[in-house]
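One chain follows as C-alpha cells, the form predicted alone.
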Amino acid sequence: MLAIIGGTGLTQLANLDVSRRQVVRTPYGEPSGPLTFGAIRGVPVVFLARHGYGHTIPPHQVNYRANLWALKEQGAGDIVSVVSVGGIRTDLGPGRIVVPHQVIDYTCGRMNTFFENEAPVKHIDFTEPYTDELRNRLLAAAKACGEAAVDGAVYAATQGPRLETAAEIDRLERDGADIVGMTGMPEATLAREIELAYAAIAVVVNHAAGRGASVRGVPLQRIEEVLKDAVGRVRKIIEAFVAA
C-alpha cells in the first residue's frame, strides 16, 4: 500500500476518497495524528499529516519513528513524502517542484534510529537515500500530467524551527546543497531501517536566505500563496502516480 506523508500546506488530500481514520499507537509513542485510509482512483492509500492535521507540531518535535512505524504496521510498503523547501540553486525558485536524489543531514538531537541497544550493532547502506524506482515513478507521473518536476537535487535537512541565516545558506551551498528544509531527516533513514521504499517530492516555497527575493529577508507572507498553487499541482502528480 502507498503511504503519503503530507508536509506544510498538505494536511489533507482533496482527491482521497476517505474510508476511515484510525488512531495508532506504537512502541515509540503516538504518531502525528490518526492515519487516514482511503483510495485514489480505486487504489488504496494511507495519508498522514507530518505536522498534525492542525499543523501544530514543529519539525524538530515530529515523532518520526512513530510515524514510520505506524505506517509500516498498517501495511504501507511505499512512502511518498511531500516537503516544503527553500531554493538555494538559482534555478530553483518559488513554485518549482523537485524530486531530490541526495540528502545532507544537519539536524541534531532527533531520535534518528530504531537500532537502539542492538547486539550486534546494525548498519544500513544509505549511499542512495531515496528509492530510485519511486523517484522515477514520480518523475514519470509529473510528465504524464503535464507538470514540470526537476529531476534531482541535494536536500539539506536543518534543525529548525527557525529559518537559516544567509551565511548558513552560503555554507550549505559550498557543501553542495540545492534545497533546504527541516523534515527530510531522520525520516528517510528510518524508512530505510524498516525496509520501506521512500521518495520525496519537494515544493520550493521561497528563495533561501540571502538568495533572490530573500536577499534581505525571507518574505514569509508569500509562502502560503505559493503553497496554495503548488500543492494543487502536487495532488495532480500524486493522482497520476497512483494511476500509473
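Worth saying up front: this structure is predicted, and the values here are computed from it rather than measured. When you see a residue number, it is the position in the sequence shown, counting from 1.
Omitted from view is the form predicted in complex with hypoxanthine (HPA), to which the following refers.
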Counting heavy atoms only and using a 4.5 Å cut-off, do A188, A197 and I201 all touch hypoxanthine (HPA) in the predicted complex? no
Since only the chain is shown here, I'm wondering whether S81 would be in contact with hypoxanthine (HPA) in the predicted complex (any heavy atom pair within 4.5 Å). no
Should N206 be classed as touching hypoxanthine (HPA) in the predicted complex when contacts are defined as heavy atoms within 4.5 Å? yes
Spell out, yes or no, whether the shortest heavy atom distance between P100 and hypoxanthine (HPA) in the predicted complex is within 4.5 Å. no
Contact with hypoxanthine (HPA) in the predicted complex for M182, defined as at least one heavy atom pair within 4.5 Å: yes or no? yes
Contact assignment for hypoxanthine (HPA) in the predicted complex, among L139, A166, L163, M111, heavy atom within 4.5 Å: L163
Heavy atom contact within 4.5 Å of hypoxanthine (HPA) in the predicted complex, the stretch among 102-110, 122-130, 140-148, 85-93: 85-93
Applying a 4.5 angstroms cut-off on non-hydrogen atoms, the residues of 140-159 near hypoxanthine (HPA) in the predicted complex are T158
